[in-house]
Structure formats: C-alpha cells, structure tokens
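The chain below stands alone and is given as structure tokens, in the form predicted on its own.
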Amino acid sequence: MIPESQTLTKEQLLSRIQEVGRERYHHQHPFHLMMHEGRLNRVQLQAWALNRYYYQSRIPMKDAIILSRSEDREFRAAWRKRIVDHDGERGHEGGIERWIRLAEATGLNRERVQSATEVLPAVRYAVDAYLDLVKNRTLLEAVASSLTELFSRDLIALRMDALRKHYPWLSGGLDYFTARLDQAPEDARFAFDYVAEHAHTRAEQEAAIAALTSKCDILWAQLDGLHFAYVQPGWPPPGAFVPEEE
C-alpha cells in the first residue's frame, strides 16, 4: 500500500490507471458483452450506432476545448491531430464520416443519424457531461480523462472480430475501428506522458485518476441508457429512436 503522502512513480501511476481500466472501462458492460457474443439484433445495433454518433460528433469539440486551454504551443500542435483525426480535412475523411458509414451499414439513413434528434436523453446528458468535465476541471484532469484510449485498442480489436463474425453485413462499415487501432495508442502515449510529467503532487495524480474514472462512468452511463431503452426492459423514452418497422 502506497502512503497517501507519497508521490507515485511513473510506473505506479500507470499501474493505478490500468487498474481503473480493468475495473471501470465499458468493455465489461452487459450491452457490449451481448454485442461481442452476437446477441444483439439489427435494431439494437442501429440504436447503438445512432446514439454513439452523438458521442463521436462531440469528440473534436472536446479536443478543441482542451486545445484552447493550453498556452503551450508544442502541446497544441500535438493535440490538433485529434481534431483532424475525427473531423477530417480537405480531401481526407475523418472518424465522424467513417462512423456515419457504419451507421448506414446497419440500415440507418445518414440524415437521421446526423440530426441527433432521436438520441436518448441519458446519452445526451452523459456526453454533455464530458464536455463540462474538460471545460471546468483543470487542464491536467481534462487530458487525463482521455486516457481511456489506453484500454480502447484491445476492445476495438475484439469488437472488429465479433462484428465480422456475428454481423457480417456490417463488414463494409468497420473503417472507423481500423483507423483507431493506430490512432488510439499514439494518442494515449502522448496523454499519459503529459499527465506523468505535469502531475507534480500526489493530490494532482489522484485528481487525474479521478478524472479518468469519471470518463469511464460517462462511457458506462451511455450503455446503461441503451440497455434500458432497447434491451431490458426495452422502454425508449418519448422522442428517442424507434425503428421504422415497429
């Protein structure tokens, strides 16, 4: 047990962060487990793709907030990459466009997804809470909240295999995940090095770990909303996505 007054080494900090991932990351959520076991139907996958789009669409906004809070030119130059990765740039598509294609592969209309009018209130509140986190907590905590990317590569690889196996009709829409296999680890390394370098005290280290925990809670809460609305008990609220065949 490390005394509370003792600053963690870089290795100890990484160990604590990895512990958060093992215990709190959404790879263990029942909705994801159902997906990876092939137990979701097309409608449930549509609901997932449509609601997750709202999160995807806010990622570059989140990164722009973080970018605006730093006075370090080198940090801003490195962090800009994240916005380009998701928004794309002239002549090159980004992650948001790739996610729309995934949603289209489930059978959804592009305009319906982009409108975000049928997003679950629980998902909207959770995603907006993420924007509030990076805006209102310290820059160190905002950067630390992105460290879920340390855990995402393994989940992405598992998800790609599961989707190809159980939902082969989605195979043409998996480009988003292919790109993230390289992008996420690179982003995670930069963010962790930043946190390790700028968390000078144990209190700052604990604040960074708490911010990561909050981010895990935000990801979990989105899946809670999906599971309640479209799995059990299956009660989508007024105004939320309802498949046309119903």
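Just so we're clear, the structure is a prediction, and the values are computed from it rather than from any experiment. Note that residue numbering follows the sequence shown and begins at 1.
We do not show the form predicted in complex with another copy of the chain, though everything after this point is about it.
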* Asked: Can you say which of 87-95, 140-148, 158-166, 172-180 gets within 4.5 Å of another copy of the chain in the model of the complex, counting heavy atoms only?
  -> 87-95
* Structure fact -> another copy of the chain in the model of the complex has a heavy atom of only one listed residue within 4.5 Å, and of 207, 35, 67, 196 that residue is 67
* Out of 26, 202, 58, 52, which one falls within 4.5 Å of another copy of the chain in the model of the complex, going by heavy atoms? -> 58
* Counting only non-hydrogen atoms and a 4.5 angstroms cut-off, does residue 111 reach another copy of the chain in the model of the complex? -> no
* Any of the heavy atoms of residue 122 lying within 4.5 Å of another copy of the chain in the model of the complex? -> no
* Looking at the partner-bound form in the model of the complex, is residue 102 within 4.5 Å of another copy of the chain by any heavy atom? -> no
* Would residue 133 count as a contact of another copy of the chain in the model of the complex, using a 4.5 angstroms cut-off between non-hydrogen atoms? -> no
